[in-house]
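Here we start with a single chain on its own, the form predicted alone, put down as structure tokens.
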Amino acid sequence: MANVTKKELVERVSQRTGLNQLDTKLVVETFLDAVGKALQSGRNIEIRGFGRFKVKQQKAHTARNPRTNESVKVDERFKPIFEASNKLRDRVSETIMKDR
């Protein structure tokens, strides 16, 4: 399965909505920018029936470099994650199972 690019996403939304691709690209980029800015400010985004984008704190820990077996200190950081809703999980699973 190939990945869907932003360009393909813009084309699909444009075809479905009847908007031209320039306007659709602006809408898609504005949406993605809003998601990014909300996550940067530590806020979560919930889209019912689709999923939740949220920021998760990863505590500082010691990891191991598999090549050298050397211990490496990893600082605390925050990372964005996506949790799919049960509805989306079910739809994906049903569709993939049907296509097998």
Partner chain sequence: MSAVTKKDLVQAVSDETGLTQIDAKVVVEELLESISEVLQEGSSIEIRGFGTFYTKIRKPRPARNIRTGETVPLSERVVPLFRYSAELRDKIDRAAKGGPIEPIFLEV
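Positions refer to the first chain, counted from 1. Predicted model only: the values in this text are computed from it and were never measured.
What follows is about the form predicted in complex with its partner chain, which we do not show.
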task = Would you please decide whether residue 68 lies within 4.5 angstroms of its partner chain in the predicted bound form, comparing each non-hydrogen atom pair?
result = no
message = Whether residue 41 contacts its partner chain in the predicted bound form should be assessed with a 4.5 Å heavy atom distance threshold; does it?
response = yes
ask   = Does its partner chain come within 4.5 Å of any heavy atom of residue 26 in the predicted bound form?
value = yes
task = Spell out, yes or no, whether the shortest heavy atom distance between residue 21 and its partner chain in the predicted bound form is within 4.5 Å.
result = no
ask   = For the stretch 48 to 82, which residues lie within 4.5 Å of its partner chain in the predicted bound form by non-hydrogen atom distance?
value = 50, 53, 54, 55, 76, 77, 78, 80, 81, 82
